[in-house]
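Starting off, we have a lone chain in the form predicted on its own, written out as structure tokens.
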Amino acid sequence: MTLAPETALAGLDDFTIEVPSWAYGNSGTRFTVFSTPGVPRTPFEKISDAAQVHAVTGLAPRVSLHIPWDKVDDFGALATHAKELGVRIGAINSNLFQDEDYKLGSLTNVDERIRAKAIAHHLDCIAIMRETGSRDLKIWLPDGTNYAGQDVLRGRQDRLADSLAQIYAALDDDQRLLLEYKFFEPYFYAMDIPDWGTSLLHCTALGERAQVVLDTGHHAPGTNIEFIVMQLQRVGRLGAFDFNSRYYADDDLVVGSADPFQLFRILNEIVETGGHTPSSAQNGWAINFMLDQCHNIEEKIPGQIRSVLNVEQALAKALLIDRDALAAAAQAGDVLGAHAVLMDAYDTDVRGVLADRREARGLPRDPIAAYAASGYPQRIAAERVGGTQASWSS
């Protein structure tokens, strides 16, 4: 039992996904980074590639930047370049994991000079937000310890709280801080923001414009991610959602590739509260749905197109759930009946109706085929010769 697609899928009309600039650069394993012909050499070329994803899907109008990887002399010109290509700059991501000073911590470091340096980096990011029109400062904190006794855990939390407070105070009233968490890596004894509860505690202390970022790859195996989604939405603190897929840890694979049913379950909780639409803003802020993936062996732009389409398909299935029937089955204690309502929606093949929707909007029915036929991959491979290709570290 599912809802009629022609009405239920209207919920897709305002849904968008932000793509990451770093997804278009070279990536690889812990052992090497693999190169690909046509990979961007500059942030301007990254934006050009990201615009291809939006052109064929109509779903990806924003591009996240990573600083200093995407540092340019004129961010206003970069924002104009994006606008001319039909996209705009999204979240500004800080980088606290590639500076020698941050070996023992950045925002949590015992050395006041190093903490001040890390805070100043975020003030630079806020200045970039003003130049580009970005409203989101996204922080993933790689700080942590490898050994018990290496540092005082309480002291690290106190220093982190003070550092975050200084950064938050520098934000404009129309800007917010998005705080990510990760249960391990690069450190293994204790990460300083290892879970959603720690992130939420810091965000609550900062204020309403501080919200949690949930990355699907940043949890221990077996974690019920949809439960976390529900709780963060319940208290109005789910600020952003990083989509990717994993088998073991932070694999950063194409979203939905490892466990498409998990993706559907997560989006079910999003749809339950209408969180997929901008009109359901929490504390005045909508959830920013993003991709956070590195394409190690697959082509970059098609990898992003496939990811966007996978999220759209999972969301479409979640929108087809008959929630009245689901509630009635739960109220009656009909365990299998309630589960069947979910499975009916999940088992529905929505690819045809989504292709119809794209065609009605003047978009290609098959975005991946359209991109392959566009001539763009051949053109960038021929033109982008010389210079230094962008990679996960630049």
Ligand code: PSV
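These numbers were taken from a predicted model, which means no experiment stands behind them. Residue numbers here begin at 1 and follow the sequence given.
What comes next is about the form predicted together with this ligand, which does not appear here.
In the predicted complex, no heavy atom of residue 219 sits within 4.5 Å of this ligand. Though the partner is left out of this view, residue 250 does reach within 4.5 Å of this ligand in the predicted complex, counting heavy atoms only.
In the predicted complex, this ligand stays beyond 4.5 Å of every heavy atom belonging to residue 54. Proximity of residue 22 to this ligand in the predicted complex: non-hydrogen atoms within 4.5 Å are present. Figure note: of the listed segments 115-123, 200-208, 135-143, 75-83, the one touching this ligand in the predicted complex, with heavy atoms no more than 4.5 Å away, is 135-143. With the partner removed from view, the residue among 227, 261, 97, 147 that has a non-hydrogen atom within 4.5 Å of this ligand in the predicted complex turns out to be 97. Checking 151, 312, 192, 180 against this ligand in the predicted complex, a heavy atom within 4.5 Å turns up for just one residue: 180. Residues are counted as partner-facing when one of their heavy atoms sits within 4.5 Å of this ligand in the predicted complex; in 41-75 these are 66, 69, in sequence order.
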